[in-house]
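Single chain ahead, written as structure tokens, the form predicted on its own.
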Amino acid sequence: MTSTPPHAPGGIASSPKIELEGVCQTFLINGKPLPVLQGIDLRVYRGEFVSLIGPSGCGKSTLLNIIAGLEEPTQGLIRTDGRQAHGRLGAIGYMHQKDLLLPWRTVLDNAVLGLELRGMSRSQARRQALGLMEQFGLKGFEGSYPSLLSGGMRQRAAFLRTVLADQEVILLDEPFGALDALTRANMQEWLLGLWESWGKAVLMVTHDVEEALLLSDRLYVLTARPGRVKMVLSVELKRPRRYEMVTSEAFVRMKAQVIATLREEGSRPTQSEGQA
């Protein structure tokens, strides 16, 4: 199932914030080529939440690294706002699964790290961050160190650092993967509310089918390595969304469809395994 692209005001189709065309990635392992991604086509529009899901080792995180500019593909094009994207490093927000908070810096000083690295004075950066502390559920913990925070609070602090970078595209690599089920559900609802006020484009990697469906407008399912797009699912659920939706008939039906596709891919050997 494919989705209809979002449109800009006035009914004119907007250019994707991020567009991948025919992206391939091959690594050399012990002198032998290992294809990781093969012919990936993907689009994320402004104000759209898109998730990427697939078997372990299919290249999901590699794809985020390519979009962020940490790696260059061996083949294919990457466009931002309809133009070929050069020098992407630092131009796209990127949050990893681990919060990567510096233990010797407080919540506030962790949050402003990116702004300081961009040359903003610490006092100005702190003023900007302080204005968002309540929205991120961190008010009263500005002076706390990461070791004193719960997992959910650490993730919110990491999100704040990412959002303060003020990029129009945000990449999330399993942001809730290390959290317990209850905290994870609470964080998903928190992110929904936050994202709805952003108007930013988000691309998230996750292994959690419910999470992907609850948060996303569209869902890309990748094959086993080398990763290719197997299915693009348009998530036809009304917004605003709440966690209770996971028991609805439409949600259960889409979940079964995605799981069936993942089970099919998970039963296939990867290319290296098939050659063994």
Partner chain sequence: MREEPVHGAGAASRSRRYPSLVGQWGPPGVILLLALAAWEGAVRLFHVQRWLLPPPSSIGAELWESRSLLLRHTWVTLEEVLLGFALALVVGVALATAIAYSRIVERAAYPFVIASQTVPIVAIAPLLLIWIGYGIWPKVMVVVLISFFPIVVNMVDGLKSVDPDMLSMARTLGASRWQLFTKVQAPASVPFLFSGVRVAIAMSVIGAVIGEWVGASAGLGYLMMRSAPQFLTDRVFASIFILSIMGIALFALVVLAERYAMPWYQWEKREKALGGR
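Positions refer to the first chain, counted from 1. Given the structure is predicted, the values throughout are model-derived calculations rather than measurements.
From this point on, the text means the form predicted in complex with the partner chain, which you will not see here.
Comparing 193-201, 75-83, 127-135, 165-173 against the partner chain in the predicted complex, the single stretch with non-hydrogen atoms within 4.5 angstroms of it is 165-173. Heavy atoms of no residue among 15, 34 and 226 are located within 4.5 Å of the partner chain in the predicted complex. At least one heavy atom of residue 68 is located within 4.5 Å of the partner chain in the predicted complex. Contact annotation: residue 177 falls outside 4.5 Å of the partner chain in the predicted complex, judged by heavy atom distances. In the predicted complex, at least one heavy atom of residue 148 sits within 4.5 Å of a heavy atom of the partner chain. Contact check for residue 116: a heavy atom falls within 4.5 Å of the partner chain in the predicted complex. Contacts between 100-115 and the partner chain, taken as any heavy atom within 4.5 Å in the predicted complex, involve 100, 101, 102, 103, 104, 105, 113, 114.
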